[in-house]
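One chain is shown next in structure tokens, namely the form predicted on its own.
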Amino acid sequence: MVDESPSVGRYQVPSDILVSGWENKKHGFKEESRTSAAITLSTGETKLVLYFQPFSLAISVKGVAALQINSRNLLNFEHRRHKQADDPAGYWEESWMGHTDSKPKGPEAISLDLVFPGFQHVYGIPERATSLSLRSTNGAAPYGEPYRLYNLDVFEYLDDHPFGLYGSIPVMLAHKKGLTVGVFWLNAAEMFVDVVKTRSEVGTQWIAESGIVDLFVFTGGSAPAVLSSYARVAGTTALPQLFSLGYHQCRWNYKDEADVKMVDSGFDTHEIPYDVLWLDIEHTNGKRYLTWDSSLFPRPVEMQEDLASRGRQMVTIVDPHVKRDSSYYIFSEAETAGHFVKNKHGSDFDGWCWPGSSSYLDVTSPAVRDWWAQQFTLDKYKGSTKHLYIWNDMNEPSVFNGPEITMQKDNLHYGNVEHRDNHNLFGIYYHMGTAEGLKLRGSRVDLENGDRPFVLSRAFFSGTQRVGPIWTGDNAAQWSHLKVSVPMLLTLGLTGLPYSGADVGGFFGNPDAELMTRWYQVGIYYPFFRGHAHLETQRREPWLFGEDTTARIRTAIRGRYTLLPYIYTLFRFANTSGLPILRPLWYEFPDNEDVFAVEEEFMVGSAMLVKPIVAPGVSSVDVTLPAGARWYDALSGAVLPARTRSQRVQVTLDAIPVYYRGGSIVPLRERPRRSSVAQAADPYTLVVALDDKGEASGSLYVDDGRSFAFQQGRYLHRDFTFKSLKLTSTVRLESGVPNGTLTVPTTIERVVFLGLPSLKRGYKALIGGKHAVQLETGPLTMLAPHHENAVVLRKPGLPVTYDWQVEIVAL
């Protein structure tokens, strides 16, 4: 250990990155024993043995070894020192590709080893395009280098590489049969993580350039418990507006108002639903954000109101680089107030980005974030309306003429903090300030309930889930990028950031019809669902690939809207408990060792399994349907046998394999509409997929889809259960949140049963013990009308708001 006084002043991540009051939720420890060599402590089912010399910590859960800290004696500090004439080169200054880092505080790195005994799989530490189960970093290139956490603007990133991308979450989970454990090192400096796997353990070494060791260990035992514990520290996912879970259409750039109108009308002409149309950097006046190019967008308010008349919203891009132009009000106000990041000499930093010479708001300052938030009110952001939301790109931050296309490490922030110390926080703070701006605007538009912000960010850190969604950046129109999107999004969900997506079709390049079809068929399950394309690519709106492809993409996107009640309900659980939307198979089947590394398929919540098609010309595919569950084809309703190993399934271009898990009840809305707003009064369908016991359960969450009224109890949350041939609806009560008081006039118009035993005379339903309705044999969905594998209760008129019971009786 290094004897270093706190007065040295090592940087600590500010408290607003975590949830306020988390310290009060810690459990106390009980001393079990003490010797001259060690002390043993316990809390609940977790036991800690602290060895004094050399220092190490052994943690076990339920008597099973979980984690060893410093068992390899790699906890080391580069302690602060005075400059000496014989110091090695690089201690006090480093040069690289024409850039010089002055390193005024000298070397101050920290190393830490964490060993997971008895484990073979670790997950997490995004963001990178790599496997779900992290590979060893002592292998062949490129995995001979450690995983890096350093937010960067990476151009055309590779599809299989340990190099870090746009965001960083220093969280790792380890899982083995019977146990999941998690660690979180709260440090915002550049970080490297080496992973070495043996037959008996996974060893990791973590190195941060500066800061302190502020290590959290989560020993809940299961993945849901670990993620819930992490959420109590870093926060849960902000409940998004319902529109933001629909389809988003984006391009760099839709040229002008006529182009916007043409694209919007194209969706209606081709009967494809969507919710949001996006404008990239070319909509501005010379890359001056929060402005409009008046020659291209002369009537922005009318344009937004026209979209809103059909239930649609607009998003504009707002990047963190501010054009250095004294006639630009954002620049002049910020310069006068001293709101910009400084260079090492104390002058405003001048970097190069889209507008040319640019300054960067020092969003690490609460005062600067408060000023920035005020710029989004309707009176400040001219041409904006309440239907306009925001996209933060380039907020790593990206500096075209900086080292590694980012800011110099010896730049200075609020509190005289060097950029090296808080680099990975710049993006989340910019994201925070922007989201607070939309909250402020919303509080003035709806004085009572406000308006939930929607701000997409590229850069992120732990805590970003409390602010808004992210996407995986500048991917490519390649099958390999479609494939790697799945483990990338699964990893984000496992590290507390489930509201994420990958650009459908790939940002760079020109996808063909087959790739576009397959990407949409997977993309409808991404929590954030957007199509986007580079300026130099061919136009690729969903109807531009021929009639057959248009029909397939239409079916896929409509499928997303059918699933919105289920997806929105999953987001409510993410909001209250920190649970992921997309889940690896091992999360739902934690004792099935065959699925611990499976990344070719995933669960949507607990009820649906999706198998993407990630190669061209595929007519059959291997699907793993884990044992211990009954599985139903989501198109035909046919039951499939569960096997330990994969089974071969035939596929066509019309759909990818998707399955309902037995034991689940999934709420749907099946009527085709042009947007989520147009669905608001539609009735629901319940898919009741029975398990081997003939039972099932699920829930439905409903609120106004836009405001913060749900925080005062203006919501409805119902639990559905099927047991002993009785389907019941009861109110769901959750600790820590106000009880729901919302009532809605909507009803359930269809109940589809999968797995009821076939009877010659069939079934009837007794509704409320009195009213009898004949059940019919029919299709699960009209997408497969010839497969009559379901038993359907039609038009029962069951109220969503109130308790009821339906008994299924054999005739």
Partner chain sequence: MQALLLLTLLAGVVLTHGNSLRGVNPDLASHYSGHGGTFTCISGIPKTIPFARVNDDYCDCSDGSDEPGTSACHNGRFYCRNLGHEPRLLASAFVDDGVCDCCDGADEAKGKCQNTCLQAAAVRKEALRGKIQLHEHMLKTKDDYVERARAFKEELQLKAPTIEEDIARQQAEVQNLKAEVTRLEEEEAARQAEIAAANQAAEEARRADEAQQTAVQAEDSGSGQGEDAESAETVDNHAEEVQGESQGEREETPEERGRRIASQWTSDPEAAAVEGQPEEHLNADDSDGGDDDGDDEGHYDGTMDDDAEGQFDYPDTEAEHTEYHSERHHRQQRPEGSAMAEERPPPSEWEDLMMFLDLVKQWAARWMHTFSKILRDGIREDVLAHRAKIKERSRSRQQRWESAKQAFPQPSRPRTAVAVSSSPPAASAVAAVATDPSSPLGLARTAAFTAERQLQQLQKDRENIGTFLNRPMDFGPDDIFLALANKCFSSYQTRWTYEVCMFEKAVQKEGNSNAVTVGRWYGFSEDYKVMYFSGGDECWNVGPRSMTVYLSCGLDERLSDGEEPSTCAYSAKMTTPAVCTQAELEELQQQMVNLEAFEDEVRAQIMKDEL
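Numbering follows the first chain given and starts at 1. Everything numeric here is computed off the predicted structure, so don't read it as measured data.
Omitted here: the form predicted in complex with the partner chain. The next part is about that form.
- Heavy atoms of N401 reach within 4.5 Å of the partner chain in the predicted complex, making it an interface residue.
- Contact check for H786: a heavy atom falls within 4.5 Å of the partner chain in the predicted complex.
- Proximity of M782 to the partner chain in the predicted complex falls within the 4.5 Å heavy atom cutoff.
- The closest heavy atom approach of E45 to the partner chain in the predicted complex falls outside 4.5 Å.
- For the options K176, R530, R420, K323, the one in contact with the partner chain in the predicted complex, meaning a heavy atom within 4.5 Å, is K323.
- Checked against the partner chain in the predicted complex, the residues Y157, Y414, F218, F192 give one hit for a heavy atom within 4.5 Å, which is Y157.
- Here the chain stands by itself, but in the predicted complex one stretch of 628 to 636, 83 to 91, 443 to 451, 149 to 157, 149 to 157, has heavy atoms within 4.5 Å of the partner chain.
- The partner is not shown here, but in the predicted complex the stretch 471 to 487 reaches within 4.5 angstroms of the partner chain through a heavy atom at D474, A476, A477, Q478.
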